[in-house]
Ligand code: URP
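Take a look at this single chain, the form predicted alone, given in structure tokens.
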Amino acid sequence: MRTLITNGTVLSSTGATPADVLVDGDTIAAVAAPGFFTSGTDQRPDEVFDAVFDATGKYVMPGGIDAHTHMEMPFGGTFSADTFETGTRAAAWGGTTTIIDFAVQPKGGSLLSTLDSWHEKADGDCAIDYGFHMIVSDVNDTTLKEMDSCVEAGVSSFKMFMAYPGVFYSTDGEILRAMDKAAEIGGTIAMHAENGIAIDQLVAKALADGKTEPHQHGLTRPPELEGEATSRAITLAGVTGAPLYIVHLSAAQALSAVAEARDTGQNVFAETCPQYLYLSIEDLAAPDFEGAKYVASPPLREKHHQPDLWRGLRTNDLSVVSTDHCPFCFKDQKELGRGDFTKIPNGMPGVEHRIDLLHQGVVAGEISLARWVEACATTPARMFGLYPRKGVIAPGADADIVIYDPAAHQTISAETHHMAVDYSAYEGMSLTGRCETVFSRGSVVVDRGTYLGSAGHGRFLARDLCQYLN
């Protein structure tokens, strides 16, 4: 099938250019000046091509890559509300055409059996393409050997936790061993950097003092402990030579540590998430237990951190914007923590609105169009071994394309979103811009408010190594 997208402005990590895009089957066949593909013929475009999309006044951008999602993730005796089917469908509505989810190694389990389990969850259910990171929660000789096999299987990044003692937590020695292995095989260590040992002491004190409301989640995980852990992770990575990717960075202290490391040429990268750009610890203090909707780790910070995060996006000290999409319904799931904030499942929904939310930064002048595309698509493709197949509008790339209307207006609401969760973290927020048409490998999955995708269209992506290493 040959599809022509005409009269649009093609966005890339280098800027914006008026151009037409020709799609042939699954891939982009050519990008050329407006009118090039219809010049020299008296036939109408719809007589030459199987489908024609007029993108006048619209952006034509690469499909988004959300490099941090948790579909069907077990946590605290329950599971995140979105399945791979519902979560990837919601992602498609928001212009995301690839997710990278996290396979969770249980204590005592192997990496390869974990990978098999996550393949079973996702295979045949995804509306868009997907890959996996591997959560390493049990560092031992077998696990370290299996990291080689994971890379060979296209899983080249390994998440570790300096938080959650007794669940996911790894000691500095265990982290050092895994980083040594990652440096040997070219894998990237993705780090949840919070000082879990210190946090547990603050949590115990709060509970002993009878402080049980959701707001305490933020107060017992102060930004200083994120900054300390980030610095420590950077030091360990420097000793071993391992590439380090700090996930869901929320605090100015952590950003300062990342910026310093990058200034010295160390292979240190970081992502932030929309919730840290737009929400704050004030939301955690919402009355009538409403603050539980905003419980995630790291927690929402005071608003004064937000200008630093926007600056980090402009300077590339924050390279990627992901969502950490890990939704739990307010009713029956978040409510498990009434009377004890430590029992509130950690996580927030967001996979559907990432591209739109970050576009507000373009509207406000915080970032350029090029940085918007970089942070949403091109950089995650390069960071996680998917470029140039993904993340770019170029000949030979997969035809993952979004026609984006920058002048459209919408209001976020749980009543209209497509995620399988009963609330929105951004309820009532007015946005400028909306995804009009979304292509996944040449197939239209969303068009002008109609979902045309299907479970099983998405394919597993075996990823190469990070393409930013020195």
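All residue numbers are counted from 1 along the displayed sequence. Quantities reported herein were computed from a predicted structural model and do not represent experimental measurements.
The same protein has a further form, the form predicted in complex with the named molecule, not shown here; the description that follows concerns it.
Not displayed here, the named molecule is kept clear of residue 383 by more than 4.5 Å at the level of heavy atoms in the predicted complex. In the predicted complex, at least one heavy atom of residue 297 sits within 4.5 Å of a heavy atom of the named molecule.
Residue 346 belongs to the set of residues with a heavy atom inside 4.5 Å of the named molecule in the predicted complex.
For the chain shown alone, residue 192 is a contact residue for the named molecule in the predicted complex, at least one non-hydrogen atom being within 4.5 angstroms. The listed set 374, 398, 82, 324 contains one residue whose heavy atoms approach the named molecule in the predicted complex to within 4.5 Å, identified as 324. Out of the listed residues 158, 130, 161, 93, 161 is the one that sits within 4.5 Å of the named molecule in the predicted complex by at least one heavy atom. Contact with the named molecule, judged by heavy atoms within 4.5 Å in the predicted complex, is confined among 29 to 37, 414 to 422, 430 to 438, 63 to 71 to 63 to 71. Of all the residues from 102 to 140, none has a non-hydrogen atom no more than 4.5 Å from the named molecule in the predicted complex.
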